[in-house]
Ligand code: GLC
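Here we start with a single chain on its own, the form predicted on its own, put down as structure tokens.
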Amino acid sequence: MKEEQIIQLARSLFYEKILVKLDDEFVGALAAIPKNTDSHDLNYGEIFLRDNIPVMIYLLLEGEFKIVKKFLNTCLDLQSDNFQTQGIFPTSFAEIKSRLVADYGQRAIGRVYSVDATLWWVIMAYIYVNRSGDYTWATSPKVQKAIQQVLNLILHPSFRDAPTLFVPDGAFMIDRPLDVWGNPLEIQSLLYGTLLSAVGLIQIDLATKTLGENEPPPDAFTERQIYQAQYAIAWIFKLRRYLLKQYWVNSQIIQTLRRRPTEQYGEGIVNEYNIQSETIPHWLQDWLGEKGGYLIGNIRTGRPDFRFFTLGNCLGAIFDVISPAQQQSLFSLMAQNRAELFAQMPIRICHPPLDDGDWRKKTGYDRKNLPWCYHNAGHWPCLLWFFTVASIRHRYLYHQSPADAATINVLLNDSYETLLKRLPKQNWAEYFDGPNGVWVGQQARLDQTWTIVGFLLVHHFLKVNPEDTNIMNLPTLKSLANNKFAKNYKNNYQKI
């Protein structure tokens, strides 16, 4: 088929077979187009909050604000009010026997709820308001209460002083055991974006209230809003500083880290996590090169996870966790390691895989996560749109040399051509296996929603309107901190 025919096919699948209705209104998209028999569909016929992020971004680009609002409101109605999970959003939901049924992890393997679903809802809410201009919805008591409940989950005392969010294994896109428990990068990048979005939405609401410079808040709810906004800004500053110190690596940092002393104790030490030189893999020499840099997968005492996780790094660039110079280092690293990350189906979800003994011990012999399969270094075409947004957005906002821009442009266009050539023939498979991503995943669902929509987004950002990558722009930390309601955030910074 020609390119135009493939685009039309993808759009037809999206609008005619993927979108589903609730109460006679489109509410979201199924995880995959149902088969003739549902005996092997598991929960792919449900509406997953995570999977619907690219769906909602595409609908916003199409001007379909009503559908996005319906999706956000439906999730809002399902926000948990149970004591132990109060404030979380469901992993997925579906209409079963005329009743809306949500999954908060009670049906998941390991009974782990998806932390990223809650974080993504806040980000998606801000993107919707910013794109649609629906400030009435943003300032509604229901939305503002939901934001308060999410922040109550995050901005509270814990047994740790670190600003990162501690989660169990399998609590985000990598939803099976893969030794990512603790403080995985993807959750920290999402946390950063969530806090920016939450404060942005709170400040929109506060701007509608007549609050004098030195007047006390008119009610307890507004007082809580102001406090949470100030405290969240302080948290964002501390989180970014922490991530750049503990997660960002390049060749120079690795060489410094290898020569740091160990077995130290006290406040002034330089090796807080007691990282031994033997834990630093030798493959980093070729992987990083002279210009490359990235955010490592996790930091734990004595066990840093140097694996490269694509989504966490792309989100770190999109949300400006890393500086413009660091973003360029990230793109250089990805271009330099094109053979591993993009191969014959972009993009590998993580690198390298857990192999041999590590696979057995750390995944529990998970047959789906065999080396080079599924989340264990499988290839996911749905990730390409995140890289596309990150790199094109960087090009518009920051200075980029012509040579670097040309390199990334070739990489993007070659990757797009790969999707054009392979995805329709291989039925829009969920993921691809093997060191080169040649084989369709052994348990991959066909006609996968975020494969189809991810392709449409890549096409839009590359071929239709590259400037639309600004749809992912969140409030800047500087703009939030300079808001008149944020004047006490420095005092709160000392508290955390």
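Since the model is a prediction, treat every value here as computed from it, not as a measurement. In case it trips you up, residue 1 is the first one in the sequence shown, and so on.
Omitted from view is the form predicted together with alpha-D-glucopyranose (GLC), to which the following refers.
- Find the only residue in 385, 374, 89, 294 having a heavy atom within 4.5 Å of alpha-D-glucopyranose (GLC) in the predicted complex. Looking at the other structure, the residue within range turns out to be 374.
- Query: Of the options 53, 67, 31, 456, which one has a non-hydrogen atom that comes within 4.5 Å of alpha-D-glucopyranose (GLC) in the predicted complex?
  - Reply: If I apply the 4.5 Å criterion carefully, the residue I get is 31.
- Item | Stretch from 224-232, 170-178, 202-210, 73-81 whose residues place a heavy atom within 4.5 Å of alpha-D-glucopyranose (GLC) in the predicted complex | Selected stretch: 170-178.
- Going by a heavy atom distance of 4.5 Å, is residue 451 a contact of alpha-D-glucopyranose (GLC) in the predicted complex? Residue-level check for residue 451: no, no contact with alpha-D-glucopyranose (GLC).
- Message: With a cut-off of 4.5 Å between heavy atoms, is residue 433 one of the residues that contacts alpha-D-glucopyranose (GLC) in the predicted complex?
- Response: Close contact is absent here: in the predicted complex, residue 433 is far from alpha-D-glucopyranose (GLC), nothing within 4.5 Å, heavy atoms only.
- Query: Quick one: is residue 380 in contact with alpha-D-glucopyranose (GLC) in the predicted complex, heavy atoms, 4.5 Å cut-off?
  - Reply: Yes.
- Task: Although alpha-D-glucopyranose (GLC) is absent from this view, report whether residue 48 comes within 4.5 Å of it in the predicted complex, heavy atoms only.
- Result: Flag for residue 48 set to yes.
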